[in-house]
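Below you will find one chain, with nothing else, as structure tokens; this is the form predicted on its own, and questions on how it binds or moves follow later.
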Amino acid sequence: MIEPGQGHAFTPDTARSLAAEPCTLIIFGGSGDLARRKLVPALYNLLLDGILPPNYAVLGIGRKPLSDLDFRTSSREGVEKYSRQALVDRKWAEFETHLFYLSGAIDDPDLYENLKARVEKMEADLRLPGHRIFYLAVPPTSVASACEGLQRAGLVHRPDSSSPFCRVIVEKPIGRDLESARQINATVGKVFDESQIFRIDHYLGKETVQNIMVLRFANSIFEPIWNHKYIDHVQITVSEAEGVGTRATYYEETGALRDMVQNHLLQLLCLVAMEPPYSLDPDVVRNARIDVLRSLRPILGKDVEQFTVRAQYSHGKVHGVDMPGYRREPGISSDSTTETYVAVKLFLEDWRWAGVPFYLRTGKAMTKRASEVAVQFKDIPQILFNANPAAPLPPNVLRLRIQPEEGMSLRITCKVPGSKAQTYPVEMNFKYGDAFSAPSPEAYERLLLDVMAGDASLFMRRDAVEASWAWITGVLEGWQAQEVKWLPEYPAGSWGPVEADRLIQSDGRTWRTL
């Protein structure tokens, strides 16, 4: 048996080196939750793992009037609370000397002149080569101001082999429909070349999500049966136990379809359904993913009634704690029709997946926080061990668990020990935590490392963003034409509305219990 880390697990072709170069990371929104909870802890963990480049600088930019010391103190608190690995005083003392802060408003032209002076001084003091990464952890309405300000101050330049690299990370949401996504892409594209733009979706940085390609294309047993001949259907579920909480204002303008399906769930769908890429070159992999988006059968007009369900959570208990209904949450309109739950049945119009339904669902205030992809294979013929139609054997199911516990399992049927020919379904279970000694890196660790190394494989290209929005916009327009006054409800702490059960039960199938 080959244990993790032993044997011929890696080849020069598959284990491409992610060599992060010394650089300056400038975080717009540096005083916000994303920087404190995710970005700074991710960088600190890269340092502990010995992956962060030997020389670097992190400059947070925000409206809050903080000093460098204030920013370092706040960052330390974030690492103590949210880091994957415990804070080590000696390592933190080394790390915090690379953290800096600059206060200012994104729409203030003076900010960018101050930023230029500060960055140039940091690079000179730390002897950095001038490589720069700009992380736009800001609302979509602020993206234009940031990009134009950076260009006006001469802080960015187009790709040039003789100059230091310059890259930008754009945080979601990238628009709220196709037209707004195009506008944001055009705005960023005026300042940065497409090769410099990294549109981030943290789901693509999760270990189990990355492992979907390895599972499919590094194991000969799966690819021959990964098609409509053997697969009955696929379920993709992303459930959240919390309600809208402090995100009420944002969520009321967004909803579950825009917030989760347009990016996270469709990207999972792409990895499950894509054709084998001929290499691991970033654009080759991304070409394979976008082909899936382009093959999505549109859901237009009255088709939304047959293929989609939307709902809102009502009063209930989640993990024993009372939660008010969505329309009773602070900041939510009492007549809101914003969906907190959405279920979709969709089809891909290509040879591999002809006739195979994909069921996607996501919602807030559900039973538990969990994400998985479940591939259910077709029933075996009703002969031999499956000859009794009153008690059919359960189908084989391959589960890819994304959160909270990463891993995968395969349900097979086995004989019960004894003299009778009695069968029973069992799970062949793999857990990352059990198989590998170290905990899986957080998604932002991998994604930040990829940007430093210039690997765009796990990031969305402009055409993919617009292709996904084109499909989503068709659904949104179909909903708008319905002119509904109230949405169906589901109790907080449940698995969703009965209408979603009917969506899948009308095909003779049921939602999985996670």
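Residue numbers here begin at 1 and follow the sequence given. Nothing here was measured: the structure is a model prediction, and the numbers come from that model.
Missing here is the form predicted in complex with 6-O-phosphono-beta-D-glucopyranose (BG6); even so, the following discussion is about that form.
Contact check for His202: a heavy atom falls within 4.5 Å of 6-O-phosphono-beta-D-glucopyranose (BG6) in the model of the complex. When contacts are judged by a 4.5 Å heavy atom cut-off, Ser142 does not count as touching 6-O-phosphono-beta-D-glucopyranose (BG6) in the model of the complex. 6-O-phosphono-beta-D-glucopyranose (BG6) in the model of the complex comes within 4.5 Å of no heavy atom belonging to Asn386. Within 4.5 Å of any heavy atom of 6-O-phosphono-beta-D-glucopyranose (BG6) in the model of the complex lies no heavy atom of Ser103.
Contact with 6-O-phosphono-beta-D-glucopyranose (BG6) in the model of the complex, defined as a heavy atom within 4.5 Å, holds for exactly one of Glu123, Asp259, Glu406, Glu329, namely Asp259. With the partner removed from view, the residue among Tyr424, Trp351, Tyr278, Tyr250 that has a non-hydrogen atom within 4.5 Å of 6-O-phosphono-beta-D-glucopyranose (BG6) in the model of the complex turns out to be Tyr250. Relative to 6-O-phosphono-beta-D-glucopyranose (BG6) in the model of the complex, residues Glu240, His264 and Arg369 are all within 4.5 Å by at least one heavy atom. Per the 4.5 Å heavy atom criterion, 6-O-phosphono-beta-D-glucopyranose (BG6) in the model of the complex is contacted by stretch 242-250, the sole one of 68-76, 242-250, 155-163, 111-119. Contact residues in stretch 330-368 (any heavy atom within 4.5 Å of 6-O-phosphono-beta-D-glucopyranose (BG6), taken in the model of the complex) are limited to Lys364.
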